[in-house]
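In structure tokens, one chain follows: the form predicted on its own.
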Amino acid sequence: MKIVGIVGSNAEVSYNRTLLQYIKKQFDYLFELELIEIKDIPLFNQSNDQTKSVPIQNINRKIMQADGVIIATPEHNHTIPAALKSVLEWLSFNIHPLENKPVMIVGASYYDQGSSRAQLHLRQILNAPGVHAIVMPGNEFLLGKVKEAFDNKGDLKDKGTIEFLSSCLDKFVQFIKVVSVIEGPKKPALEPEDLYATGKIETTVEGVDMYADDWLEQAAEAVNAVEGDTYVKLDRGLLTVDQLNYFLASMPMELTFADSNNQFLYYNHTLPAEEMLASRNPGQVGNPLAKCHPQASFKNVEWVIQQLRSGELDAVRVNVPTHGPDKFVVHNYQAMHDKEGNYVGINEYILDFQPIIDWYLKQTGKTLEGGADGVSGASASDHAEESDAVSGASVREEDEVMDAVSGASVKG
């Protein structure tokens, strides 16, 4: 069972964080607990909608994928901290990950009453329209005099307190199971994609027209981009920009990068557009994905990005038979993530693996016979629709399959 624990304080030192860390460590036999911090979430402002920003989308995704949520709140002036209230505003503005989600409230405070008044206020907020969480009734865990409650290892000292916390958590696990039966399987609606890339992320180059044919040159000048024989330190390597270009150009596939803001930023330019499996031209670099596609394909493009951004799929693979009988072409859309697991964009790679199969069969003496794969024994499909080879989910049937990043139609 997967549960997320929201640290309801943006303070560097928080006993409510310590409480959740203790739960994570001591009750791992009941569930897997992932802590969510709120200290980097901007103050709510409905005039400056940031629900599509990386930190808020990251919280949104983790809550949606969890079976339940534990919120640990301090008490500030008889209510919850402003930072926690602000996060709940974001999570009930244009996104609603807490809707029908089982929630347990805990809290720690310096005083005898624990965070009782803050917890009461938090229950009211979680029951509000737009939030509509399913809060576990009763079983309030109120940790008072918190300075004396933990030892120097971050463990609770009082046996009775530990037993009561254990009882509350046992009941929460049962509560989640009951809610899941009542609610039934429910797949959350995925957020619409901004294919026009009107948002902004940390790597967005501002002040340059995304639609300009010379976007690359303008953007490179704006950020003083390095080139030529300048060295670039990578995670495990040191290459010049020229060497990086040689390396990427040598890949036996067409590579494309689109960032999390849905802006097309790179392809390994080795062939004229008319000779590529999915045609691209230099002037497309920098365009929003909406500019790279006919509008009729937007639905397909959005679906692919939604699957990857939400974590529903790590990759989408599409067999494209329209390149001719002498080619086995697959379009692969792979989600990319940073070290913290945040979605950062799509790595699209397109490969004709017919030459590899031919080489392998020649080397091994094996053959393909009667429409069956003589190497693996798997039956070859006669349908245009192919299964996603990563997740097993079927790619939706459409009149034509569109390249979800470059905008090039793969219809013959």
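Heads up: residue numbers just count along the shown sequence, starting at 1. Since the structure is predicted, the reported quantities are computational estimates derived from the model, not experimental observations.
The discussion below concerns the form predicted together with a small molecule, not included here.
**Student:** Using heavy atoms and a 4.5 Å cut-off, decide whether 11, 75 and 110 all contact the small molecule in the model of the complex.
**Tutor:** Looking in the model of the complex, the three residues 11, 75 and 110 all sit within 4.5 Å of the small molecule (heavy atoms).
**Student:** Name the stretch, out of 311-319, 161-169, 77-85, 211-219, where some heavy atom lies within 4.5 Å of the small molecule in the model of the complex.
**Tutor:** Stretch with heavy atoms near the partner: 77-85.
**Student:** For residue 337, is any heavy atom within 4.5 Å of the small molecule in the model of the complex, or not?
**Tutor:** Heavy-atom contact with the small molecule at 4.5 Å: absent for residue 337.
**Student:** Please run the contact check for residue 15 against the small molecule in the model of the complex: heavy atoms, 4.5 angstroms, yes or no?
**Tutor:** It does: once the small molecule is placed as it appears in the model of the complex, residue 15 has a heavy atom within 4.5 Å of it.
**Student:** Flag residue 117 as yes or no: does it have a non-hydrogen atom within 4.5 angstroms of any non-hydrogen atom of the small molecule in the model of the complex?
**Tutor:** Heavy-atom contact with the small molecule at 4.5 Å: present for residue 117.
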